[in-house]
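Form predicted on its own, single chain, as structure tokens, below.
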């Protein structure tokens, strides 16, 4: 563990949730809510990745940058060095680069690489290059097709036996994506119990070996 970095991350989160504000690159204040997750859900995300003993993570959708800090804190519980990648084509245009500013204030710039590109272009490239991630957090486009493509490639980028976590369970499109991958691809739903902060996430365990399917395989979902 790296105490100084851990303390810096914790301080950024504490300030954000106390003030309910973050500051973008232009100096403009941006509300944490309703876009950001609650502190309790963020802490649950930290516990999830910490329990996986992950050495790296992939995040689709940087947004405010809070989830990036929560994920990083989980890894810092058991290791000083790690690497991560976060994707967000709208970070500058729509978010005033607030996520990048949050990462910088938390001292994570050297550990978290950022790509300003659509996930449907980046993820296939990563898969072709043989990239593997210990933990994948999907919080990008929430249209069914966007979330489906992100999860499809996540199954090819995830270390066998690892977790793919989908944010925003409350959205029907996200639920339907999860239903396809559990019923057709063999991912196992290990989500937290209803009524708990972690229930906002759909946690899908990747099998050690993805099933071999017949060319016409399909299970209604």
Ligand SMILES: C[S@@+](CC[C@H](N)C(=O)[O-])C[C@H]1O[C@@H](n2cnc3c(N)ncnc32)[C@H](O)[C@@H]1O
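Positions refer to the first chain, counted from 1. Note that the structure is predicted; figures quoted are calculated from it, not measured.
The same protein also has a form predicted together with the named molecule, omitted here; what follows describes it.
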*Given that the named molecule is left out here, which of 49, 165, 157, 64 has a heavy atom within 4.5 Å of it in the model of the complex?*
64
*asked:* Using a 4.5 Å heavy atom cut-off, which of 105-113, 127-135, 86-94, 72-80 contacts the named molecule in the model of the complex?
replied: 86-94
*Is residue 60 a contact residue for the named molecule in the model of the complex, using a 4.5 Å heavy atom cut-off?*
yes
*Can you check whether residue 101 is within 4.5 Å of the named molecule in the model of the complex, heavy atom basis?*
no
_Residue-level question: is residue 144 within 4.5 Å of the named molecule in the model of the complex, judged on heavy atoms?_
no
_Taking any heavy atom pair closer than or equal to 4.5 Å as contact, tell me whether residue 118 reaches the named molecule in the model of the complex._
yes
